[in-house]
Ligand SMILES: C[S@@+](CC[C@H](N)C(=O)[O-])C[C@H]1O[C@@H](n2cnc3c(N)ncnc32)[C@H](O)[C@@H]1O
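As structure tokens, one chain now follows by itself in the form predicted on its own.
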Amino acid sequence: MKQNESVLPDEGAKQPYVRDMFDRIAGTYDIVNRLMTFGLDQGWRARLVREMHVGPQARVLDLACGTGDFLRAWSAKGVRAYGLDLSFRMLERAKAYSPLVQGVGEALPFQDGSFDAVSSGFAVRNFADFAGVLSEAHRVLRPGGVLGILEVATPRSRLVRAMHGLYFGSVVPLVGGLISADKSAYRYLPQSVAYLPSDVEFRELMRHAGYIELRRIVVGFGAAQLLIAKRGAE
């Protein structure tokens, strides 16, 4: 398969594709993630946790929790954190940190108003129905609860954007494929930016789902973004 050939799944096949892909790369996911971001992703997670202003006795749900990066950050803060992920193999890597559930963000197995906060890291592009995930997160949040999302972004600077595009589109697939021995997975991850909503679309999706007071914080010279909003009172 050529380097620039699309590996994005057809409509309707995304959820099983993503599940199987993360099952395959679970064992090397953390080390590749650190290399891809030069370790900056940990600081971005810590920043999101701080910016969400969640109290120490809060109940927090981390969607697409993966190997548990956010769960570790939440646990360090003393909150009661719960994780949900589509991939069983990723959950196996996270099982030491919090109670876990295998499931999908579009159909959360929790009661209305169960959580004070919901977080999610680098998962927007992997959800089959992001609007549905926002709706479900809104349902399980208490009124006034906070949603926090960490996701990649497109730098505004033309120079930084060009450098980032070269690195993310060429270097990441090469290094990821060598370390994980799964070249298609690390071609998918850069290509999946095509699924990412624009700034305007993010705001409209979140407004439509019932969130208020949306804040967007750019980090990593524009390569990543923090999105923080509250569940509006009904």
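These numbers come from a predicted model, not from an experiment. Between two forms, the rigid core is the largest collection of C-alphas that superpose within 1.5 Å. Each residue number is its position in the shown sequence, starting from 1.
The same protein also exists as the form predicted in complex with this ligand; that form is not shown, yet it is the one meant from here on.
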*Exactly one of 153, 123, 140, 147 has a non-hydrogen atom within 4.5 Å of this ligand in the model of the complex; which residue is it?*
123
*Spell out, yes or no, whether the shortest heavy atom distance between residue 105 and this ligand in the model of the complex is within 4.5 Å.*
yes
*State yes or no: in the model of the complex, is some non-hydrogen atom of residue 64 no more than 4.5 angstroms from a non-hydrogen atom of this ligand?*
yes
*Taking 4.5 angstroms as the cut-off for heavy atoms, does residue 86 touch this ligand in the model of the complex?*
yes
*Counting only non-hydrogen atoms and a 4.5 angstroms cut-off, does residue 211 reach this ligand in the model of the complex?*
no
*Contact segment among 49-57, 66-74, 203-211, 190-198, judged by heavy atoms lying within 4.5 Å of this ligand in the model of the complex*: 66-74
_Check for me whether this ligand, as it appears in the model of the complex, comes within 4.5 angstroms of all of 29, 33 and 90 - heavy atoms only._
yes
*For 37-53: residues with a non-hydrogen atom within 4.5 angstroms of this ligand in the model of the complex?*
45
_Superposing on the rigid core, is the Cα displacement of residue 158 between this form and the one not shown 2 Å or more?_
no
*Look at the CA atoms of residue 31 and residue 95: state whether they lie closer or farther apart in the model of the complex than in this form, given a difference of 3 Å or more.*
closer
